[in-house]
Ligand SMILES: Cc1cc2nc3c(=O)[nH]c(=O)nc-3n(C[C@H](O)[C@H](O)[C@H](O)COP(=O)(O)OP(=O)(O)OC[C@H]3O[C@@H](n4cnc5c(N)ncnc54)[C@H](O)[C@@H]3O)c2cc1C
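One chain comes next, on its own, written out as structure tokens in the form predicted on its own.
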């Protein structure tokens, strides 16, 4: 089928206003806010229902047209920019909050629901519940963060957001619609098991296995009071012992660390932010005193933060995104890597060396995931969007940092194409063989976000 026939077929499915192959509409889908180079897009389509999405996928399968699903488009690592052209499926119209189950504490939502929409809905209707909140703008989709094993508030206590999924509805590459989790045999989306758990196939597979249309995400009780205990330390080697002691108290809701050369007063320090909660404000004071003692024992100094700073970080940790303002042009991207805690000091030291090598002010951070069982490390790089050489410089820093993460025993997070190749090269060959076998079984025509998780 020629392009004219394909665009007509897409418009027949979703309506004339929600499918296009016009250059002015395709332009924004050819790039993302990160440092990835633009790539051409042939069509964009915005389905409203699962049934419309199924018809689009069936058409793409019949015609062997690549398809790339897109949520908020904010991953920064090019995962929603088509590698081989074809159709971008923008899911933002699929934005219904279907159910909030207060007693089983989950939200059943469509794939296009943004974090801002879910937060507003809960605040108005269920003020005693809160979702996991990513370090991203409110326009980021909940599903987008979940499907890349994203982290955020609550991750220290409950794990990454992939671990908080109860169930998925997925359109498979042949257009079939499958339900995974308790929803496969119950009207309630309350658990993954105790049936065989296939949800993991669709996490961090970057749309190569299927397109998620609905998901159930765990909610948690919302505390009435929250505070942050700030600390500063000189020696990154003290990080593992401090975090080990913090988590042993079982009091921290979230633990964030960072090291950056800007503003100047922060240069040479690792800052620690331990988020604490209570039902009454006076119950926060003993916790503050406890963490001040732990900080001192680990060689960190408690810092009384100005109220403006305290309020800012209570709303959302934004220190990494602030890196975009350090250079002319407002661009920023970061490499993430999930790592064993004992390798974090080396990651801070060597990550800063990589930044300085490429003339970029170091901006590094990390967050505990599920206690000290896992920690995600962020290496942020600013660049000037108007300067191609500066963007290439940032990409070179990203490439080198991914190598560093793998050398330290880490796993690059939401890996861009270059990092995917590095991961596949190092991956256990039998794991890789199984992965490709399952992928080829589900998608024999190779239409699902091709170019991602592929060897060249």
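Keep in mind it's a predicted model, so treat the numbers as computed, not measured. Positions refer to the first chain, counted from 1.
Omitted from view is the form predicted together with the named molecule, to which the following refers.
Across the options 351-359, 146-154, 301-309, 258-266, residues that bring heavy atoms within 4.5 Å of the named molecule in the model of the complex belong to 146-154. The named molecule in the model of the complex is not approached by residue 365, whose heavy atoms all lie more than 4.5 angstroms from it.
For the chain shown alone, residue 79 is a contact residue for the named molecule in the model of the complex, at least one non-hydrogen atom being within 4.5 angstroms. Put simply, residue 135 is close to the named molecule in the model of the complex: some heavy atom of it is within 4.5 Å.
The closest heavy atom approach of residue 189 to the named molecule in the model of the complex falls outside 4.5 Å. This chain is drawn without the named molecule; in the model of the complex, the residue among 395, 39, 414, 421 with a heavy atom within 4.5 Å of it is 414.
Proximity to the named molecule in the model of the complex, defined as a heavy atom within 4.5 Å, holds among 272, 375, 211, 87 only for 211.
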